[in-house]
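As a starting point, one isolated chain is supplied in structure tokens, in the form predicted alone.
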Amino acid sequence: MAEKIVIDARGSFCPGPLMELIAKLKSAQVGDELEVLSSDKGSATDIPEWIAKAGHQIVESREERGIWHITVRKMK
């Protein structure tokens, strides 16, 4: 069964949140969803760009009270 993994990268600046996501993706299973919490608005563009190149999927990207919630599904 797919897991939901939360990566709390609030207070970390680019490329920190993306680096944390990449590290967690390596140990995640295909189908797992990883949600990055980031206070760096650069993550809202950096993470989706990298995910598209890496062949994974953006499930959701939203900003809530200054925190970006970016959910990614591992596809391979």
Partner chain sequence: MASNKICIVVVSGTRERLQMAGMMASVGAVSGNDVTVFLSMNALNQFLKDPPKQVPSEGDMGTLLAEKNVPPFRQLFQQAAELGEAKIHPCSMAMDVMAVEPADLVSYLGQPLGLTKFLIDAADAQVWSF
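Positions refer to the first chain, counted from 1. None of these values were measured; they are calculated from a predicted model.
One more form of this protein exists, namely the form predicted together with its partner chain; it is left out here, but the text below deals with it.
Although the partner is absent here, Arg62 sits far enough away that none of its heavy atoms falls within 4.5 Å of its partner chain in the predicted bound form. Its partner chain in the predicted bound form comes within 4.5 Å of no heavy atom belonging to Ile67. Within 4.5 Å of some heavy atom of its partner chain in the predicted bound form lies at least one heavy atom of Ile22. In the predicted bound form, Ile58 stays away from its partner chain, with no heavy atom inside 4.5 Å. Heavy atoms closer than or equal to 4.5 Å to its partner chain in the predicted bound form belong, across 36 to 57, to the residues Trp50, Lys53, Ala54, ordered by sequence position.
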